[in-house]
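One chain is shown next in structure tokens, namely the form predicted alone.
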């Protein structure tokens, strides 16, 4: 690991307000196939996003501006220069921390997307559990047909990774008043799904209110534990304490219709397949807590990850 040096904050502040992209052009107009794929992946069945005259889900705002591996024309050197400065000082790792979106108008198939992006802020040096570093916030102003459509703010942390021992404990989940009941269920070996009192819809992960009808009232149903692999990735990098890559992380569709992200075990990582049946198991990962995982069933199952 390279030695870390401090950067004068004035040097970082000088990047604030500089363009990260100018006159960017979305690679594709808003279109129904992308809307359909997004809704299928998110499990969003809102009828406004389907039919002969759909609108795009508002949270797709960033999707229409993504440049893919080849990037965008109009990208400014300022962002690359900022990253080079941070990399050179030893802040070589990066992690996305959060995003904020504001919506001005609906987007419909055929809308041509243009945008400008600016480096809105660079924080002073902050100490985090991942390591010391600087938060960088980029604001993107999105237009449709030349008219304002929304604003997307994206925040990352450029940091110097903390040296860790080869083995460690898994990160603890963040437990709050909105999801405490879920973790209480896990402790009792029950996978609980929220059920809206207003429309009866099931939802996961847990939310303080229904994203379909808006009702704040709900109860729970216990999942049967049966499911199938809806999608998955195999993690190879980066290595992290308590994890031994490569391993499979799956998006499991439960028999009840909701989906949950968890590890797929009981089969080598390269044997995991979409549609593979799985069954819920609980695995103790620390003295005081357990996690819901999913064991593969059928052909290829039996080996441990």
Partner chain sequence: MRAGEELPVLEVPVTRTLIVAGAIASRDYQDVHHDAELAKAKGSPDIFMNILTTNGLVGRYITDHFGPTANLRKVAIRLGAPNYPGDTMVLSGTVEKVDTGPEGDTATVKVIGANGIGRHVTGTVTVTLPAGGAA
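Numbering follows the first chain given and starts at 1. Since this is a predicted model, take the numbers as computed values, not measurements.
Here the subject shifts to the form predicted together with the partner chain, a form of this protein not shown in this document.
Student: 112, 197, 178, 102: which sits within 4.5 Å of the partner chain in the model of the complex by any heavy atom?
Tutor: That would be 102.
Student: Whether residue 155 contacts the partner chain in the model of the complex should be assessed with a 4.5 Å heavy atom distance threshold; does it?
Tutor: Yes - in the model of the complex, heavy atoms of residue 155 and the partner chain come within 4.5 Å of each other.
Student: Please check if residue 251 has a heavy atom lying within 4.5 Å of any heavy atom of the partner chain in the model of the complex.
Tutor: Heavy-atom contact with the partner chain at 4.5 Å: absent for residue 251.
Student: Does residue 141 reach the partner chain in the model of the complex, with heavy atoms at most 4.5 Å apart?
Tutor: No.
Student: Contact with the partner chain in the model of the complex for residue 205, defined as at least one heavy atom pair within 4.5 Å: yes or no?
Tutor: Result no; residue 205 lies far from the partner chain in the model of the complex.
Student: Within 4.5 Å, heavy atoms only, one stretch in 272-280, 55-63, 242-250, 257-265 touches the partner chain in the model of the complex. Which?
Tutor: Contact criterion met by 55-63 only.
Student: Quick one: in the model of the complex, does every one of 38, 41 and 68 get a heavy atom within 4.5 Å of the partner chain?
Tutor: Every residue of the spot touches the partner chain in the model of the complex.
Student: Check each residue of 104-129 against the partner chain in the model of the complex and list those with a heavy atom within 4.5 Å, in sequence order.
Tutor: If the 4.5 Å heavy-atom criterion is applied to the partner chain in the model of the complex, 104-129 yields only 106.
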